[in-house]
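Taking the form predicted alone, here's one chain by itself in structure tokens.
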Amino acid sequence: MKRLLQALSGEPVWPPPIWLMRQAGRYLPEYRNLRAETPDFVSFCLDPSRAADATLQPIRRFGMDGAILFSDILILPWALGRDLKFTEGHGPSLPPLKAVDEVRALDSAGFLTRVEPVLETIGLIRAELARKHPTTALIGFVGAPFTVACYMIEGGGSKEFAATRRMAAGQPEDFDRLIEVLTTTSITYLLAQIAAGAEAVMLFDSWAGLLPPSAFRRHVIGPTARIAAAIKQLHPGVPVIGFPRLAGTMVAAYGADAGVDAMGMDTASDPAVIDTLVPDGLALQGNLDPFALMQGGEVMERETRAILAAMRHRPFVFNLGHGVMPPTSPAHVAALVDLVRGG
């Protein structure tokens, strides 16, 4: 079994496997060259040849243990019929979703046809990994329902996602209907990714930390548990990684009840504390500060060694607490891989 899949399945592996969130992206000159060929980001994500190339670039350069599909969490709402645009310097924008009629209009029956290019991308990646990088595992993903709902309701990014939280509190039936659509379509989409060749899957819940405990259980843990159970029913050997970013002490409930095989730790998490809050068999993943990676040198080495020391005794995958920052030197990433693999 590939080392990453061993660790995600609960087997301690040392030195730990390593991959990085946003390991494919703007910090790589080869990515910038490729991206320049297709200015529209949605079109880029839906171009199987280019998306596969972007996914594989960090594998060719660094030999990561995991290759995560190059796509975006908002491809799902796009496939459900919501317009989606990305503007340089401003990020994603969608028409803000405000009414239950807009939820009913989501194309949950036909969305899978629109993501066929993504599934083709997965097939291309898996084929090259088998030929040239047989020890690297392919990771598929979706945005978790609550986080995707945040972007759909708000119409893009936000610091507080106030409109989302108002809908959840003031229009609970409408909000629950949206979460239900996103949960069921996420299950379908992830199962299709696995059928296309994904060997593990990840749920990014970037805004989970916005919620109080009762809402966290309802809108983060509940949908995640449903998705994980559906995958386990058909593919018990495919690990599921959850990433409840900024969840604080709610990681204890998440680790116990979300049904995931592994949990990503965000930058603010203390690995030694998280270790005491979650079940022993749960693999942990994380959580070097991306700014420490960007700085490199002694700062990066000190923080990396502290994380390795805290995780030495349990199933663990080395990663960042968030994504690689665009100004990061590729040389720092190479040095990090060497440092982690040296144990």
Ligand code: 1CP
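Worth saying up front: this structure is predicted, and the values here are computed from it rather than measured. Residue indices: 1-based, along the sequence shown.
Same protein, other form: the form predicted together with ligand 1CP, not shown, and the subject of what follows.
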For this session: Identify which of 18, 24, 333, 320 has a heavy atom within 4.5 Å of ligand 1CP in the predicted bound form; exactly one of them does.
Result: 24
Problem set entry | 254, 189, 151, 175 - the one with a heavy atom within 4.5 Å of ligand 1CP in the predicted bound form | 151
For this session: Considering ligand 1CP in the predicted bound form, find the one stretch among 198-206, 104-112, 216-224, 263-271 with heavy atoms no farther than 4.5 Å from it.
Result: 198-206
Exercise. Does residue 35 make contact with ligand 1CP in the predicted bound form, using a 4.5 Å heavy atom cut-off?
Worked result: yes
Exercise. Does residue 70 reach ligand 1CP in the predicted bound form if we count a contact as any heavy atom within 4.5 Å?
Worked result: yes
Exercise. So, in the predicted bound form, is residue 259 in contact with ligand 1CP at a 4.5 angstroms heavy atom limit?
Worked result: no
For this session: Considering only heavy atoms, tell me if residue 31 and ligand 1CP come within 4.5 Å of each other in the predicted bound form.
Result: yes
Problem set entry | Residues in 113-143 close to ligand 1CP in the predicted bound form, defined by a heavy atom within 4.5 Å, in order | 141
